[in-house]
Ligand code: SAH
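Form predicted on its own, single chain, as structure tokens, below.
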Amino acid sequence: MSKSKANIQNGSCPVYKKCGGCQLQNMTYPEQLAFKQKKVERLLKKYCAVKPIIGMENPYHYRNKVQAAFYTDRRGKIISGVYQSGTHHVVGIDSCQTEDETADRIIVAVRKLLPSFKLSTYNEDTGKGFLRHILVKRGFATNQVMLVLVTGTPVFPSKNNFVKAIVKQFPEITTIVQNINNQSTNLVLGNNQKVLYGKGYIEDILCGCKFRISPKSFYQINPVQTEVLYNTAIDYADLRGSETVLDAYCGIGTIGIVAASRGAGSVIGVELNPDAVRDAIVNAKTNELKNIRFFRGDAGEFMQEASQESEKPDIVFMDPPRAGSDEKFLSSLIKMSPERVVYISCNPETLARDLDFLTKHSKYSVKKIQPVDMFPHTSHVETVVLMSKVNTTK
């Protein structure tokens, strides 16, 4: 038997084949890193040499955000877990090698509390029932825990007693939010929510800065590797203290705030999600930073307008979603002509496409490529790329 196959049979994940979340669990961790390195090299080495991938010392229980779907089977047994890849079939899971252990225990405890409070699970076919999903976020540095109960109805029987019961079991829970989602949708969170306990958000510390995290705001899932990722990006930016920095797709302001705290002259953040923008503004105030401001808007449209202005940024950080950037954004970036572009990518395929566009239609060349393993046991890989104008050394 090969070493890889032995990992499945002797490994500690009994639902590896059913779940589909960890595509590389049949490999040892060194084999996973080698696989990802080759993937990035195959797509990007034509631009410049790819540095060795940065892996984790302990590649387990790294996810600070855990969500679970709830379902009642034909025998009346309540099941919590994840949707099988590509389906809406719930695979029952009590613990996962990639998920935060506290979060997993909270989800199991909520599931066990439901019958005693006569709370049902939501049925997607009938549109009836109470609990649909649970979302748990934990600040690894602060140990603050947020519990989000996603319900199919705003009515929450015995709400106060339920909150008391779960907080008694887990005093580390600092806030509980009820999110109401009664729509037929693949989105986990709905538009309406109520704070049942605490402040409605948690805080965490990343790269020496404090960040507020709301139920809907994006925050990197693996804080250990996020520090590696962001420190690499800041290093590539080569901040000198007088430059203007644009943080496109800024989320709750993480990269921009770290840059502002590390000596950037001034920073502008752009983000479409209104919840994230609100958190970003608070985060800048919390960190007592006066050299950063945020705008709500589409990154591509903002870039298009900004490229017409006389004041242009010297450095652009771009951290787009998995689909990558669009030509509107990239064309505006070329017109804007910053000295350096630091591209943080979660998808090497769309990264290769965007780099192809930028190198063909501009005077930029790729100077550095650094893969980072943010999601061990999955096929995903993050990459930080530095682009500079052709005749510059940095």
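Here the structure is a predicted model, which means the values were calculated and not measured. The numbering used is simple: start at 1 and walk along the sequence shown.
There is also a form predicted in complex with the ligand; it is not shown, and the following applies to it.
Participant: Though the ligand is not shown, can you say which of G208, G263, P157, P321 has a heavy atom within 4.5 Å of it in the predicted complex?
Facilitator: Of the candidates G208, G263, P157, P321, P321 is the one lying within 4.5 Å of the ligand in the predicted complex.
Participant: Using a 4.5 Å cut on heavy atoms, which of Q97, N273, T244, T153 is close to the ligand in the predicted complex?
Facilitator: By the 4.5 Å heavy-atom cutoff, the listed residue in contact is N273.
Participant: Out of 132 to 140, 89 to 97, 298 to 306, 195 to 203, where are the residues with a heavy atom within 4.5 Å of the ligand in the predicted complex?
Facilitator: Heavy-atom contact with the partner occurs in 298 to 306.
Participant: Looking at the partner-bound form in the predicted complex, is F170 within 4.5 Å of the ligand by any heavy atom?
Facilitator: No, F170 stays farther than 4.5 Å from the ligand in the predicted complex.
Participant: Taking heavy atoms and a 4.5 Å cut-off, does C250 contact the ligand in the predicted complex?
Facilitator: Although the ligand is absent here, C250 would touch it in the predicted complex, with heavy atoms inside 4.5 Å.
Participant: Can you check whether F218 is within 4.5 Å of the ligand in the predicted complex, heavy atom basis?
Facilitator: F218 belongs to the contact set for the ligand.
Participant: Does N222 make contact with the ligand in the predicted complex, using a 4.5 Å heavy atom cut-off?
Facilitator: Outside the cut-off, so no.
Participant: What residues in 226 to 246 sit within 4.5 Å of the ligand in the predicted complex, counting heavy atoms only?
Facilitator: Residue within 4.5 Å: Y230, and no other.
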